[in-house]
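Have a look below at one chain only, the form predicted alone, in structure tokens format.
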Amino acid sequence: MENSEVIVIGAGFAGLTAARELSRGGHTTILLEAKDRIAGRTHLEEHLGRNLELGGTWVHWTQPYVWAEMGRYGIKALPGPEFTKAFWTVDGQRHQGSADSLLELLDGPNRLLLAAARRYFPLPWSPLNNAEVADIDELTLSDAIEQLNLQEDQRQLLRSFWTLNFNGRLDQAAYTQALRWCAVASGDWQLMFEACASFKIDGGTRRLAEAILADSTSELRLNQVVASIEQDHERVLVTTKAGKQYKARQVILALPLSVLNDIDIQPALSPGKREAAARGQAGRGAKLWIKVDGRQERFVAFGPETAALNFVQAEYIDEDTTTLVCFGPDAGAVDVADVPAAQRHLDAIVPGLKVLDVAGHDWVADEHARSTWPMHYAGYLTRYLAELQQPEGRIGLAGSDIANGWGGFIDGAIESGLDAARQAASALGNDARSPLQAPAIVG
């Protein structure tokens, strides 16, 4: 059995950050990761002749936590490509124009949809600060869009745009999360959209994850699938499926919300935490990389919200080929290894391109993720967020799923990891000062 002051379970950005903070604060820390790699739902890997981000990718200067981490390690941001052409499908009819013309079509509807962002979230990193949020938290994004009474072409395009952002179905998506995203981007929907898909990390997400790990004195243990956690008033015992045991005074569960209930935790976590984990997140779609023949013009394309792939953009343009990054709302509709199927999906949005190869990772089928980026169901914010952020005894949670600010982004994961580390360090300090451990005072 290995002993430490803290065990962090999950080596995504939340877990890496928490482990670094605690270990650099002088606390012995073990970092357990179920997979054979770090970085969680980000994953830089070589495919199609280049390094591709199979999971989370984009960062932005409006995201303070990730931007500060990049500055800390001297890592720059790389601006994305400027798009010249756009395609979109409305009522089965394909349209094309400039990228600016597409933004103009989306501008008015998004301004209407998100007009109340700063009203409901005047302090964006304190999303529960305004009691009025409870009045709209059960409203789905689908219903919010329908209430705008838009022209049909605007309605369909807006729905596809937000299907992309949620990577899931709008009839389950929380309107409040759309408002929160806009609020943390200063209430400007175009700045919000820029933050979603404009800047990448120089060297990829793996470079930043490795920099955080290298700055830590925590001990990393890969391929450690945790089966159970038992806590009492003195310690926490963590047991893996292989029978390895670890003992600590504090545990941080830095796991995707959807896998939290896979671990047998005794005493059980609160009903609210277990209910939130059972419900999971609305981000259950697909991200697919497609390599096509020929040097294509730099374009973006929206298909119908129900299409297997409802968004495509030309990401890398080479001499004889172009690599596209594509998204769809249902992981079950996209086989990340099926070239003929990818050809059919692409033909439905941008016909005339010849698919050469594909790559991707099915995060929804991944037993260690079961979702893509964290996007909330209606009601999540006011029902579950405060409860998930509250430690239980010697166990705390961390992750982009429970971030206050940029939930669904690397930034949110880092924010949450910092918060969890601070809570654990405080609890360790309280242990040290407890009457049971303090020397007797003779007077």
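Worth saying up front: this structure is predicted, and the values here are computed from it rather than measured. Each residue number is its position in the shown sequence, starting from 1.
A second form of this protein, the form predicted in complex with a small molecule, is not displayed here; the remarks below concern that form.
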### Message
Is it true that 34, 42 and 363, all three, sit within 4.5 Å of the small molecule in the predicted complex, judged by heavy atoms?
### Response
yes
### Message
Can you tell me if residue 424 lies within 4.5 angstroms of the small molecule in the predicted complex, counting non-hydrogen atoms only?
### Response
no
### Query
Even though the small molecule is not shown here, does residue 400 get within 4.5 Å of it in the predicted complex, heavy atoms only?
yes
#### Entry: 4.5 Å heavy atom contact, residue 254 to the small molecule in the predicted complex
yes
### Query
Can you check whether residue 95 is within 4.5 Å of the small molecule in the predicted complex, heavy atom basis?
no
#### Entry: Options 137-145, 120-128, 270-278, 257-265; stretch whose heavy atom lies within 4.5 Å of the small molecule in the predicted complex
257-265
### Task
Consider the chain as shown here, without its partner, and state which of 102, 226, 248, 170 has a heavy atom within 4.5 Å of the small molecule in the predicted complex.
226
